[in-house]
Each structure stands twice: as structure tokens, then as C-alpha cells.
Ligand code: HAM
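Presented as C-alpha cells, the chain that follows is alone, the form predicted on its own.
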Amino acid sequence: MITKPKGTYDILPGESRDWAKLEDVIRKICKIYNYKEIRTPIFESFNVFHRDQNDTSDMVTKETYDFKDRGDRMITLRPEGTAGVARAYIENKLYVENPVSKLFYMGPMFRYERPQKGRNRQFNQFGVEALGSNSPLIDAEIIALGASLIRALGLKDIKVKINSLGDEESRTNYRNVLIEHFSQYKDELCGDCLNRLEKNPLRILDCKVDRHKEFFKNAPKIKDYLTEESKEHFKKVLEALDAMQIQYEVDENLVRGLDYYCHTVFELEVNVPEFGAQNVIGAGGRYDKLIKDLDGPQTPGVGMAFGLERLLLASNLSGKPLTKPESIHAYFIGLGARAQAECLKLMNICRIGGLSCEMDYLGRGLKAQFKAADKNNARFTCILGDNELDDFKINIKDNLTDIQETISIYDVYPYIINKLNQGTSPCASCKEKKE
């Protein structure tokens, strides 16, 4: 039997409605904040993601899917959305249209990492990018958008962790003192951190292996090496969050996993016990050099991304499912070939009018078809036999009230519409209400 590749998954019909609902919520939140959708290719040129030999992030050094196409071009399946959006921003000269471009994206990403709960090798990501402004207010707006999305999904216990990496001068000053500090403990550093020591020592602070060691805890803090301009930027971000009454915690060890970040970096956490220690649900930060690194004009930017799988998992684990079980408006039962043909005709009329309908296509008996109506959570069951057809009548049962009536076959659609407009719509809890 052929099976799906490791780290991938199928979204089955019973789950796809939750995905569609989540995407709908995301689009509504982005409309509120005036972010426009952009769709970029699933694969990009290799150098869109592999820009700097000193980039020590796991995503770039260990996790990308890279290959040569038939034209001998190096291609990379996108591992994240920001770089592709930046490339599209430059190539399509979006900076000419608007001084500030506020964009969002959704789609599959690919990283070769160890699959675990809520994390796969093919995963779906939602992200927002604001390009063209270095205002600390837009940093705060991005965080507010993320908090609004989490609340819209019914998750209320939100924690924002935030830090400043400063400008280039701040990072250079800090880089030098980190090298000096960690060089004293080379024998105790893990292999990854030894590699990061010379290339990008800030990434050592993101290490999950060494972070419990005493020399790690006593490492210099970047706040002590921020320039006055960087301090002022961070101060204004925090003041803006205070003004919006968004709770936050300054985490001095927060650096994030991508090397292009500067100034503000942040993570959004939710308190879902089943998540364990992995309660980060979204994250982002400012990246003022990325556009220039991709041969575009000097353009500041800030962004944020969420894994859709993590959002859905958090919603379901917290008892806040996005959708109710599926239901339909009417299930048609035709007793005999003539009646079945008429049912198909009546269903078509109802469907054109926007009603969801179903009937049996397996030639099952009456009892089995009634069970099928229940399984489909049908609000109405419409039963048509040859005798009723000869009289141009049909029996229709309201499964919410258990009332059955005989009406003209020409009145099926207006009858159902009238009942629905009386204030009861189809839902999976019909039987519970009836009981």
C-alpha cells in the first residue's frame, strides 16, 4: 500500500471545514487591520532563502528542501513566507504603489525536521508583513493583530513575550561581548553553539541544549548594549502595547530563530495544558535589512507568522472548536424509480436556491435511508412514493419538531425556506433541542 510521506498528512472531509473556518477568521481579522492578501510560489530560487553563508539558523542550515530542476537551476521549497513576500515586493515594485505595504499570506511551507504534535514537514502558515515603515507603532499593531486573531478563536489566556535586538550598532557591540563571554566555555558548548560562536553568537541564546547551564544564565544581556535610538524604539513599542492594554513580558533571552531580525522580536503564547512546554503559537519581529539583502531598496519591515496546525490544535484542545458537526437542510427518500427521479429534480430546485440536500444512491431500504438522514443531521426528511407522486404530493418531516406534513411537490422549496425563516436553522444539535 502506498502511504503519505513522513511528516505530511491528509486533511479529511470532516476536518476541512475547520480549516475553511480558520481561514475565514484570518481573512476577517486582516480586513479589520487593512492587510491585503498576497500569494507567492511554493518554490523559489535557492538564494531567496540561502542568502548569507553566516546564517546559522536551523531552518537554513538543516531543514530546507533544496533540489535542481531540469534546467539545472537550484530551487528551494519555501520553508517560511517572509522571504518570498520580500522577493515579490521587490520584483513587482510594490513600494511604488504604496509607501507602506501591509500584506498577509497563507499556504503550505516545507521544513525537513522531526515530526511531532502540531509540527510537520509540510505545514501551513499564516503571516503578515508590513513593509515601508520603521515606526514602533506598526510593531505594536502587528502584535495586536496576532492577539486579536487568538481571541477570535476563543483563546483568551494570551501571553506576549517581547525583546529588542537593537539596531546594527547594538548587535555588533553585543556580538563582541557574547563571543568574549562564551569563548571561556567552549568545552561546555554543544556542537551547534560552537558553530554559532563565530558566525552568529546571538543564536546561542536560542539554544535548547545549553540554556540550563550556569554560564548561559550569566551571559551578558543585550539591553545593556542597546544604542539610545534602539532603547527609544523599544520603549515606544511597549508604550503602544500599554495603550492597547496588551499584557506582555520582556524576555531578555528571546532572539528568535531567523538571523534577519533586528529591534523588536516577540512570541505569542497560549495557556493550553496539553501543549506542554511548546505553548508558542505565533511569533515575529522587525527586519530592516531583508529587502536590501535581496537587492531591493532600503526598506524597513516587520512581520509575524502562525502555524495553522498549531492554531487549530490549540482551539480544539481548549474546547473551542471552530465549527459544529455538519448538517444538511433536507434528505430526500424516493420509493421507486419514478419517485427517485422526481426527488433528484426537487433536490436540484432546492440546491439552486441555496439549500443543501442529499438522497440515497445505493438502493437501500427505507429504514437504512432514515438512518442516513439522521447521520447527515438533516433538518427535514422528504419522503416520496408512487402514490404521492401520482397526486403531486410529498411527505415532509421536520426533524426538529417531529411534525410531519403532506404538501404539494411544487411547494417543497418555499416550505423549507419558510420554516427556516421562522428562526430555526439546521444544526447538529437538533435532536438535543427536541429532547
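Start at 1 with the first residue shown and count on from there. Note that the coordinates shown come from a computational prediction; the quantities given were computed from them, not determined experimentally.
In what follows, reference is made to the form predicted together with the ligand, a form of this protein that is not presented.
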Partner-proximal stretch of 224-232, 348-356, 170-178, 105-113 relative to the ligand in the model of the complex, 4.5 angstroms, heavy atom | 105-113
Taking 4.5 angstroms as the cut-off for heavy atoms, does K289 touch the ligand in the model of the complex?
-> no
Look up in the model of the complex whether Y95 has a non-hydrogen atom within 4.5 angstroms of the ligand, and give yes or no.
-> no
With a 4.5 Å heavy atom cut-off, would you call E80 a contact of the ligand in the model of the complex?
-> yes
G334 near the ligand in the model of the complex, any heavy atom under 4.5 Å?
-> no
Tell me, which of S148, S315, N120, S101 has a heavy atom within 4.5 angstroms of the ligand in the model of the complex?
-> N120
Which residue among A240, A305, L254, L155 has a heavy atom within 4.5 angstroms of the ligand in the model of the complex?
-> A305
